[in-house]
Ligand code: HMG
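As C-alpha cells, one chain now follows by itself in the form predicted on its own.
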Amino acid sequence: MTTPIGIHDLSLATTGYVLDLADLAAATGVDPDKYRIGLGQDEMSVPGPDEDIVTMGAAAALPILERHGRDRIRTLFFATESGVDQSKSAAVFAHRLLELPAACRAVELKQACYAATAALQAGIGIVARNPGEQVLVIASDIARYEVDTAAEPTQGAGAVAFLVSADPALVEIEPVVGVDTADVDDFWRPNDSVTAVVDGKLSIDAYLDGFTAAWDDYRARGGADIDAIGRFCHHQPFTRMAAKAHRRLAEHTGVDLPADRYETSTAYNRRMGNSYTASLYAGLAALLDGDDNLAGRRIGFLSYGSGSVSEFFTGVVGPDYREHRRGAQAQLDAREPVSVARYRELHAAAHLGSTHDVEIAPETRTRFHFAGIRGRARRYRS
C-alpha cells in the first residue's frame, strides 16, 4: 500500500506594515472600486526597511518547527522570485535563523510564482524515498512594480511555510499532475532591476492558456473528473484573476462551476496583495481556515509562474483538518497602517547596493529582522 504524502502543517506570515488601497486610490485620483472590485484587492502588505523574504519566510516557518520539532527535517526548500543573492540561497539564511540541524540540505528554487509547487513535488519525492523524513518548504516574495503604473495596486508581500510529510494531517497530495511550459515574455525581472516588467494583457492570456493546457494534460494522464473536485485554489496575482481562471475552466469543460467553489480561498490574498510563490498556498490557508466542510473533499490546485510554467494537481483534505487550523486574520489585523507617502518612501529605498556598509535598526514588530549590509554580505538578527 502506498504511503500517503502531503502537507502536514501550514503557516502564513506577512509584513509589519499595510497600505489601504482606498488611500492609494484617493492619492492618485482613481475610483477605489477599480481596486476593490476590478482587481479584487483591499489592502497590500508593505515591507519595512528591516523586512525581506528571509525574515518573512523564517517567521512563517518558526511556528511549524515549534509544533513539530526539527529532528526529522533534512531538506529546506525556499521558493522565491525575490532572491537576495545571486549565489547564496535564501534557504541558507533561513536555516541559521531557524536553528535547523546542520545535516540538512538548503536550496532556493526559482520559476516565477510556480516554484513553491516544484518544491512541494520534489519534497514528496524525498519523503516517498524515506517516509521518516520531513521537508520544510518556504515560499516568500515581495511584489514590487513602478509607482504610478497599472500594476502598482497589485503589489504585496507574504510568506507561507508548509511541512511535507507522510500521513499528512491537512492535505494528501495525489500523484497525477498536469503540466505545461511555454516560453513567453509576459512577466520577468531583469538582474539589474528591483521592479518587474509586465505585459498585463499577455500575462492574463498566458495564465489562462497555461491553465487549460495543464488541465488537459492532467485529464489525459488519468486525473479526476471535474465533478469529483469539490473546491479550487487558483494562483492569485490579484484575486479577480482567480475568478477569470475559474470561469475559463468552466467554459473549457462545459461544466457549471459556482463561485463558492473557489471564493473562500481569496480571503487572505485580498488583504496581503500579490505574494508570488506564496500566493497559491495563502489561498489554501484561507480555504482551510474559512471552510467548515472540507473533510474528505478533493481540492484542485492551479499553480502558474510567468514565463511560463503551469501545473494542475489535486489533494484530499484530512478528516481532522479543523483541529489544525492556524488562522491568519489576527496577524493581518496587527499590521501597522502607513500613509501613501510613507509607503512610497519605503518603495524608493528598497534597493540597497552592497558596496557600502549599512546598519538597519529593528523597526517592525516582527520576529526576525534584516540588519543591513556588512562586508558586502547581508546580515540578519532574531
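Worth saying up front: this structure is predicted, and the values here are computed from it rather than measured. Numbers for residues come from their place in the sequence shown, where the first is 1.
Another form exists, predicted together with the ligand; not displayed. Remarks below refer to it.
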(Q) With a cut-off of 4.5 Å between heavy atoms, is residue 31 one of the residues that contacts the ligand in the predicted bound form? (A) yes
Q. Is there a heavy atom of residue 198 lying 4.5 Å or less from a heavy atom of the ligand in the predicted bound form?
A. yes
(Q) My question is simply whether residue 241 lines the interface with the ligand in the predicted bound form - judged by any non-hydrogen atom within 4.5 Å. (A) yes
Q) residue 276: heavy atom within 4.5 Å of the ligand in the predicted bound form? A) yes
Q | Contact stretch among 214-222, 161-169, 201-209, 255-263 - heavy atom within 4.5 Å of the ligand in the predicted bound form | A | 201-209
**Q.** Residue (of 194, 107, 84, 150) lying close to the ligand in the predicted bound form, criterion heavy atoms within 4.5 Å
**A.** 150
Q | Residue among 134, 310, 269, 154 with a heavy atom within 4.5 Å of the ligand in the predicted bound form | A | 154
**Q.** Non-hydrogen atom within 4.5 Å of the ligand in the predicted bound form for each of 78, 286 and 327
**A.** no
Q. Looking at the ligand in the predicted bound form, which residues in 278-314 have at least one heavy atom within 4.5 Å of it?
A. 304, 305, 306
